[in-house]
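Let's start with one chain on its own, the form predicted on its own, as structure tokens.
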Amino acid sequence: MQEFTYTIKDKIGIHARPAGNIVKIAKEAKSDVSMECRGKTADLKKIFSLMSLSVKCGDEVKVTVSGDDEVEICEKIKRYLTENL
């Protein structure tokens, strides 16, 4: 299992476009991919699940990836968050 935490810096938070991109990365995975924010957990392969977290600027999220390709997918999601959010 791979996991990391990240504090959202984008002033809008995770809105539709970045959520779609995160889901696209997660759907490449054979692994289970989830995000936790303020005590709620979402399946990152489902956009409505991710959007239900209502992640805002300043929120800390924890991403967890568990499975065969966990290292690769964890790095891709971490890179996306760092470069875009």
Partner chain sequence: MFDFIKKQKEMAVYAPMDGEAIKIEQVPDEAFSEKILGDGAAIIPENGNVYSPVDGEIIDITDTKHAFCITTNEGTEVLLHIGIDTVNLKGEGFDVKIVSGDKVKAGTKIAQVDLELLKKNNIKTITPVILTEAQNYKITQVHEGKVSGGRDVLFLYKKI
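None of the values given here were measured: they were computed from a predicted structure. Numbering follows the first chain given and starts at 1.
Not pictured, yet referred to below: the form predicted together with the partner chain.
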Though only this chain appears here, would S52 touch the partner chain in the model of the complex if you measure heavy atom gaps against 4.5 Å?
-> yes
Is A42 close to the partner chain in the model of the complex, meaning a heavy atom pair under 4.5 Å apart or at it?
-> no
Partner proximity in the model of the complex: C37 to the partner chain, non-hydrogen atom cutoff 4.5 Å = no
In the model of the complex, does V71 have a heavy atom within 4.5 Å of the partner chain?
-> no
Assess the spot marked by I12, I47 and K56: is the partner chain within 4.5 Å of a heavy atom from every one of these residues in the model of the complex?
-> yes
For 13-32: residues with a non-hydrogen atom within 4.5 angstroms of the partner chain in the model of the complex?
-> H15, A16, R17, G20, N21, K24, K27
